[in-house]
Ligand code: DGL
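The chain below stands alone, shown as C-alpha cells; this is the form predicted on its own.
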C-alpha cells in the first residue's frame, strides 16, 4: 500500500463544495461511511445557481473555493457539484497540492465498467452543454451510447418542495418520456438534487432504471483514500461555510443533511 501519511496528512480535513446545499447529498453519504473524517463544506450561495453560468465564471468560482481550502490545509477536496465537475475540473486539477475528486469523472469510470450499452443522463444546462458525461463514459468504454438531457426546472422543484405540483409533475413526465425514447439501460441523475425527485421519477419509469452517482462517488473516494493511507481514525469534526445567505443555507440544508446546531460561517 502506498502510505502518504507523513506530516500527519491523514488527520487533515476533507473539503467539499457546491453552489448551494445540493452537495450535502454527497456529504451526507460520505459522513455515513467515513464518520471519523474531519470535514469542511462550502456552499457558494452568492453565485448560485451554477447551471446557467459560463465556463469562465465557473472556473473562477472553483479557484476561489480551492484557494480557500488551500489556506485551510486540506488533504483533499470533493467537487460535489456536477456542473463544476463538468466545467471547471480540467482547468484547475493540476494547480493544487491536494487531491481533487470530481463527481462526474470519478463516477463515469465506475459506470463505464458495468455492462451498460445505452446510458441516459439528466443534468443541468451547463453540464449537458459541456458534454463531459458523454466524453468521460466513452473514454472508458468507446462503444457506449449516451444521451444527455437538460432539466433546468428540477432544482427548484426539490428546493421548493413542489413534489405534488401539477406543473412540476408534468415537467418530470415530459423529460422521462423523452429519455425513454432513447431506450436507456440506465439513467444517471447528474445533479445532486435529482435523486430527491425519485418519488416523482418512479411514477413514469422503474426506480431501478435510475443511478444516484453520490453512492458510487463516495465509495470511490473511500477506496482511493484507503489506498493512499489517508483515512482518519480519530476525527469527525464538521464546519460549514457559505459565501452568502447563511440562514437560507440552514433552511434548505435540512432537505439533504441535519447540520444540527452548528454555526454557518460566512
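Take the two forms, superpose them, and find the largest set of C-alpha atoms that agree within 1.5 Å; that set is the rigid core. It should be emphasised that the depicted structure is a prediction, and the values quoted were computed from it without experimental measurement. Numbering follows the first chain given and starts at 1.
Another form exists, predicted in complex with the named molecule; not displayed. Remarks below refer to it.
Undergrad: Looking at 136 to 144, 87 to 95, 107 to 115, 184 to 192, which lies within 4.5 angstroms of the named molecule in the predicted complex, counting heavy atoms?
TA: Careful reading of the contacts points to 184 to 192.
Undergrad: Would you please decide whether residue 209 lies within 4.5 angstroms of the named molecule in the predicted complex, comparing each non-hydrogen atom pair?
TA: No, residue 209 stays farther than 4.5 Å from the named molecule in the predicted complex.
Undergrad: Contact between residue 48 and the named molecule in the predicted complex at 4.5 Å, heavy atoms?
TA: The answer is yes: residue 48 has a heavy atom within 4.5 Å of the named molecule.
Undergrad: Quick one: is residue 155 in contact with the named molecule in the predicted complex, heavy atoms, 4.5 Å cut-off?
TA: Residue 155: contacts the named molecule in the predicted complex.
Undergrad: So which bits of 61 to 100 sit within 4.5 Å of the named molecule in the predicted complex, heavy atoms only?
TA: Residues within 4.5 Å: 81, 82, 83.
Undergrad: Hey, does residue 159 budge by 2 Å or more at the Cα between this form and the one not shown once the core is superposed?
TA: Yes; residue 159 is a residue whose C-alpha shifts (by 2 Å or more) between this form and the one not shown when the cores are overlaid.
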